[in-house]
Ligand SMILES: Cc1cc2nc3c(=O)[nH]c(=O)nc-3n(C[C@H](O)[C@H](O)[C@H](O)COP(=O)(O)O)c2cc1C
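Single chain ahead, by itself, as structure tokens, in the form predicted alone.
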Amino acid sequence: MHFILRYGVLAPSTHNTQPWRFALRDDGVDVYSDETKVLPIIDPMGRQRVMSAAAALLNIRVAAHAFGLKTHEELLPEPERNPALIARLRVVGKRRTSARLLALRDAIVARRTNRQPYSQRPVSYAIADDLFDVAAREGAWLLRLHPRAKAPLADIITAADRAQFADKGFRNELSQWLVPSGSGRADGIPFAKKEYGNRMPIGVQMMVRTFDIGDNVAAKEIALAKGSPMLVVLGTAGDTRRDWIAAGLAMQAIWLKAMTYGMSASFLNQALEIPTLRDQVFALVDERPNPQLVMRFGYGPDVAHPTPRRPLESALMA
């Protein structure tokens, strides 16, 4: 299980905060949301933090199954006493592995957040339907936006970028998680991932903290949204901690499945980080309840380097 947890820490997380902790047990592992990894401006309720920890749980499950272990998960086993404990995963026997499971396990290692433009190669309805089914199995809904919805979504993203970068608190929060190349830091967002450049890291951090660059960021995000072959919104029936776990499990499950089809993905979540704009996304998805994530899928160029990761030992609890 210690070895399998190395797959868990490869999950995506907001600003690459890596907000998960693990407690090894004789029969498995307890997975926690790390409540010290706070983003008070963009994630005041900890919604994205819980989803990130749930994505790590999904990786652990997939890896365990691929290595021939049968598992059982109990979500929120101590909701009142220990709400940070999002799941208890136990090994309950052996199981057959399969080529499908091995492909999903390998996708964990190969996964990258790909913010580059994608080709115009369409995503087939059959693949989209497969992703819908994967999300549903984790307790979430997934909706592919009609091409006509790209422009309204781009407008929402523009409003979000402008509002966030006009907020000095947001800029300070973001700058704390921007990482210059060669810094040796094992978390945060490399400058190149955010397309701010990396030649003058101190100057970039100062620029982000000091200046409202919302229009510039919005222009890049709009191009990504409008040029994406498939935009999806992932949501849940409710908006509780348990629903956030379901959203994180579904997000990672559809991402890994998409990778087995050779696809790339990235987030456009700023549209959901401001409550009034989240309501606009709700209208855009035919009033399906509680949109949790906006993602883009397509066929993009390879991303050579993964974002940094802290060593597993730093996430292990005594």
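The numbering used is simple: start at 1 and walk along the sequence shown. What you see is a predicted model; the values in this text were computed from it and never measured.
Form predicted together with the named molecule: not shown, discussed below.
- Judged against the named molecule in the model of the complex with a 4.5 angstroms heavy atom cut-off, the residues Ser13, Arg112 and Arg309 are in contact without exception.
- You can rule out all but one of 232-240, 76-84, 113-121, 127-135: in the model of the complex, only 113-121 has residues with a heavy atom within 4.5 Å of the named molecule.
- Heavy atoms of Ala54 never reach within 4.5 Å of the named molecule in the model of the complex, leaving it off the interface.
- Using a 4.5 angstroms threshold between heavy atoms, Ile189 counts as touching the named molecule in the model of the complex.
- For the chain shown alone, Gln48 is a contact residue for the named molecule in the model of the complex, at least one non-hydrogen atom being within 4.5 angstroms.
- Contact check for Leu293: a heavy atom falls within 4.5 Å of the named molecule in the model of the complex.
- With the partner omitted here, the residue from Ala258, Met251, Leu272, Val31 that has a non-hydrogen atom within 4.5 angstroms of the named molecule in the model of the complex is Met251.
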